[in-house]
Each structure stands twice: as C-alpha cells, then as structure tokens.
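Next up is one chain by itself, shown in structure tokens, the form predicted alone.
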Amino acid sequence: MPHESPRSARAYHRQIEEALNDSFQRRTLDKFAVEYRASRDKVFEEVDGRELIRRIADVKDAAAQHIEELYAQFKTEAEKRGVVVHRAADAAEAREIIAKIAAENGVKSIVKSKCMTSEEIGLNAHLRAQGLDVCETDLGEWIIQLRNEGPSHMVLPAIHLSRQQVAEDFERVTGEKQDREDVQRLVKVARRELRPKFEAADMGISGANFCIAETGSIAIVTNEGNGRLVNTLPRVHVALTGLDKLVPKIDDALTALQVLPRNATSQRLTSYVTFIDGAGPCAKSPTGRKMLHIVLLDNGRTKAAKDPLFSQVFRCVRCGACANVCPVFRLVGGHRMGHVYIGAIGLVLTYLFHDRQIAKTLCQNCIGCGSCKDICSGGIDLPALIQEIRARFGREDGSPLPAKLASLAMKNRKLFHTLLRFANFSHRPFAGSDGFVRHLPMVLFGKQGFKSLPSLAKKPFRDMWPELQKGAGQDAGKPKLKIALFAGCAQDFAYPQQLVAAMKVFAAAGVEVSFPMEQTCCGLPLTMLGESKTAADVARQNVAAFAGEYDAIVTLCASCASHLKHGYARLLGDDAAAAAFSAKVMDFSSFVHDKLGLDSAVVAHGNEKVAYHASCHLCRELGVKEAPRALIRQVAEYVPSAEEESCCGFGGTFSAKFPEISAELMRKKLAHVTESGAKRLVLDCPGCAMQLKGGADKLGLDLKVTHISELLADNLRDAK
C-alpha cells in the first residue's frame, strides 16, 4: 500500500515506532551509511571537492536569479532543433500537458525511466486514469511500482526492501516460483518482464538532470541502460524536469558531473551520461524524426528563486547524499523522513512544493547535526532552511505552548535564571550525590527514561565566580591573553565543574579571564523551536554583555560556539557589533590548542585510555577536527572508536521531541566507545555530555564521561 505521510505528531510517532522495529531496514541502512562514507571519501580524494561545490553553488545561484532569461534562451535553442518546449505553472498543468501529448499521438503504452519530478506531480496515477499503461523501467522504481509504494530514496528507491520481499513481488507478477537468494536471477526476471514493454511502448518519459540554455540540450544521468531505451525506442519522448535544472552552459553541467556521481553513488562517473541535442531520427515516427517534448515545471520554483534564503534549493542536483549521511534517515528510512522527496532536502521541498501540514510535522524531525550541509553537492545550508520553516510556522500559525513558554522565559535573563535556580531547589530531594535524578516516578520520565537525567548544580558557576575571579589572572602580572568566558546555560547551571576545570587550565597558562554577568543562553534552543524573534533579542543581550576588549570570547559548548559565530549573523544581519562579537568567538579546544599551545611544563602525559566524541557543531559547523584529538594525545592514550563524528542523538530539544530516535543514536555511540576499550570518553559539548553521561549511567557502563577541559585539568602538572 502507498505510504501515508503524517498530518499529526501522534501519527508520525506511530510511524517512527514501526520503522524502528523494521530490523531489516535498520541493518541495511546502517551498512549502507558506513560503506557510503568510506567509498565517498576515497573517490573525492582525486578532486578539490570544496572548490567544485563552490562553483556549482555560484552557477546555480546565478541561474536562480536569471531563470526567465535562461528559460527563454533554452526554449529558443531547443525549438531550433525540432523540440517542443512546454512550461507548466503547477503539477496539474504538467499532468495535463503530458496527457494531451499522449492523446494527440495515439499513445497507449508508456515506459518511464527514473524521474523524481514525475513523483512530485503524481503523474503515473493521472496517466493510468486516462486508460494508459504506464511502466517504470528503473529496477528499483519498477519494484516499488509493483508494491504501489513511493521511493524511499531519490537514488536507491527500493533500498528498504529485502531480496525476499522482492522475490515475493516477482512471484505475484510472473506466477512463477522465484529463488529468494539469487539476486542476479531476480535481475534477469526483471529484464525479461521489461523488454517487451520497451518494444511495445509508444511514449517514453524521462527526467533531465540538466537543461543547457546555450544549446537547448538536456543531459540525463543514469546507472541503468533502461534510460537510453526509454529515450530512443518509443516514437514520442517527453522529458519532464524542473526550472531549477536550467544552467547557462555545457561546462556548468560538466562541472556538476564531477560531484553528482561521487556524492550520489561514490562513482567517478555514472554508467550512462546522455546528452540529447534536439529531435533525432526515429523510424517509428511518421515524420522520421523523434517527437521530443520537454516540459519544464514551475510548481513554486520561481517563487523560491526570489526568496533570499530558499533560493538555495536551486543548487540541489538530487544526489540524495543528504539522506545518506542523515542519522535520522539511517534509523527510520525515507518513508518516514520525507514526503515525495526524502532526506533534509525533502523536508524543505515538501514545504515549498507540496503539503504544508505534512511539512509542519516532518520538519520537526531534523536533529540539526549539520551532516547534510557538510556533504551537499551545492553547499545548501539545509539546517538553516529547516529552522526558517519552523520559524515561519511559528509566525503564521502561532507557536506551540512549550515554545511560547520557552520564549517568554528566555527573553528575560533574570526570570530565566530565577527559574533555573528554582528548578534546582525543587528537584534537590530527588537528586543523587553523583549528580543524577533517579528517584522520580517513571510516569514522569515517559520515553525519556533511556538515560539518567542530570540534576542542576547546587551552586551555578556565576555564583562561584566572585571567588574564582581572584585566581582568574587579573593580579598575576601581564597576562598572556585576555579572554571573556561564555558559559551557556547548561554549563553555568548544570555542569559548572567543566568551567571550573577550564579556569584551572587558563590559570596554568597565564590567561586573564572575565565573566560578564549579564550573559544569558546563546539562544540556539529558541532557534530550533522556531522562536527567531526572541532568539534575536537574546543574541542582542549577549552582544551587549561582551562589549569589552578581549583577545577572544571562549566557550566550552560547541553548540553555543557555532550559534554565536554563525547563527548570530543570520539573526542580526549586518549588525556591526554582532559581527565583531562573533569574530572573537572560539571553542575551548581550538583556543587551548591553537592559541595557548600547552607544553610538557604545564601538562603531563598519563596512561589513561581515552576515546573522543566529536560533537556535531564542532566538527562540522566549526570544522574543528584535529585540535581536540591532539589535546587528548598530549595527556593520555587516545583510543579511536568507530564513527567518532556521528551524532550522539541529543540535538537539544530534539531528544525531548523524538526520544525513541535519540535513544537509538545514543546506544549506538556508546556501543562504539565500549568496543574501543576506552575507560574515559571526552567531548566538547555539555549537551553531548548530558546525553552520553546519562546514557552510560543508565546502561551501567564502566565509562567515565567528561568534558575535555576536565581531562586537561586532571593532567596539569600542579594537579599531579
């Protein structure tokens, strides 16, 4: 049966539970994710991937701004070559254009190659309603057509199915018993069934990866020969594609072809790259020439092109890589991580092209890890687009109650900090001496029971500061550097020991530290909740609080660092004070490694086996990879573990909204660390600490989870 996209959070959670219980899909996507990463990294070693992605982004951004000129040029050049070019305003018009072409040419039978744009407009159902026989010929697409399903991946549409399930479907179609283990034999069955379809077809329908304005040509990229059979054997060929596929020159397409196959399937080049330059000879046609029609679909694209932020979607080349690296897709699959288009780009395109209510539900299921942005062929800032969608829903529909309450509390720093102090007082009777809350009734934990929850500190860091300030370097002569410390609410009120450890490191290195008391939460939780207006107000408060002269503004929270450095520019625009503030922000590991350069006179090397979890915002948003690992090696035995840069599952408010997904990501991360043999796990983010420290405690693991500042403080010469 077709997959039904959810229109409510409750229905969506039911679907997620079903997906998490699909053991075959979980194993398949796990294996694929690991192998894809390794093979992609290898094939990108031969090119300057970042430079190619930048060039693609520049070309596609320019194309979005000149869409009308490119369309006019493409239409003129294509029609010189015997092509009929159509423009469809929306899905309904595109369906009618293609149905009319079929009727005018006496078409009875249609074969199709993979075309996500046809999925976007619901073409197959419309043509079948006209009495036409429509057959998908891409192997994966044919399989899901037999099952009356939509694709679960843009490149690998049937990745969610086992060979046994495929064999059952083939048995139903052929009436013959199939070998359920022999994949090659199953492929031969598909070939045998599809060949007569090609021979009998009156019309072939394809997509197009590029529409080249200077020549009126289209380019089609496939890994199966069915694409060329669809384009050549029938007398009528219709290429359906979006206006976003327009590019000025053939060189632009060739540049993108250096990235598209590498990102999509880890190939240098796909098996078939077909350029079609006009209507060629065709013996079946009464005119002796192919009847070639190209339908360019708008369906919201010209509106998106005018949007300063959402115009980025024009950069998408439909490689599917954003799904390949998405930790949520890896657990729940494409039918739960999209509507028609899947993965992070699918969440955005659902909002732009399809169902607003479905988009409202789906866009919550982004953990904000940045993996999609890091790997995107066009450098699209997908997390920022998803955050903006949430913000627009908040502005247009009103924010849900939790977001309203968070916004109300966090806008007023004094109120927010008072509430945190009250929370500490109220849960103190349930807190253990080790900093965990374990004695509340399970009914209050609900699905959050997969980890032990932290208790707030009896004394927040800001209350310790008057005493700590005496040793903060102000009276120690000329300091090596003068910094301001940004605490963030988690470390200030839950993990002040991480900041205290950092203070010891700073003192040992001769750094003068200031702690502006007017600072408050960085505002990232508000942004994730869609409360962009309050997030901007909070950002202004922090910029004002740090108005002094400092060599750097250092934070021990990777998520705070990323938001302070990059998020404030999106929230506050061209604000000069905000830009100066953000330019000074540094994460703790980078500051200690790059600026302080601790030597053996300051720290000692021990024999402790230490693993590292690379927080998402640190390794991707900030691009910090080597500094924390180098610091670990300096004071301990660094023990690598599998998938160090994979998400731990916290994601701020994500773990509260999707605890079933958060729990699985946490367990996978801790399993990898346990397998490494490390006895200590260090990280750069209090959110990750909350997730992994609480998970290790709940699972009863013999694993010490600390911030990297605590590891360094434990190995200071003075501490030995």
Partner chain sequence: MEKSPSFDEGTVARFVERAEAVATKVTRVADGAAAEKLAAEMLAAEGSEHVGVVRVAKGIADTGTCVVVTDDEETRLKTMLPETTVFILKAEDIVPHLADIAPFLRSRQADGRVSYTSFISGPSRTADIERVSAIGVHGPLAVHVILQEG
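Numbering follows the first chain given and starts at 1. What you see is a predicted model; the values in this text were computed from it and never measured.
The discussion below concerns the form predicted in complex with its partner chain, not included here.
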| request: Find the only residue in Ile159, Ile358, Val500, Val543 having a heavy atom within 4.5 Å of its partner chain in the predicted bound form. | output: Ile159
| said: Considering non-hydrogen atoms and a 4.5 Å limit, which listed residue (Ile101, Ala391, Leu481, Leu194) is close to its partner chain in the predicted bound form? | reply: Leu194
| message | If we define contact as a non-hydrogen atom of the residue within 4.5 angstroms of the partner, is Asn412 a contact of its partner chain in the predicted bound form? | response | no
| said: Quick check on His566: any heavy atom within 4.5 Å of its partner chain in the predicted bound form? | reply: no
| message | Please determine whether Ser217 contacts its partner chain in the predicted bound form, using a 4.5 Å cut-off between heavy atoms. | response | yes
| query | So in the predicted bound form, does Ala601 come within 4.5 Å of its partner chain, heavy atom to heavy atom? | reply | no
| Proximity to its partner chain in the predicted bound form (heavy atom, within 4.5 Å), stretch among 163-171, 572-580, 457-465, 93-101 | 163-171
| said: Within 4.5 Å of its partner chain in the predicted bound form, counting any non-hydrogen atom, which residues from 118-140 show up? | reply: Thr137, Asp138, Leu139, Gly140
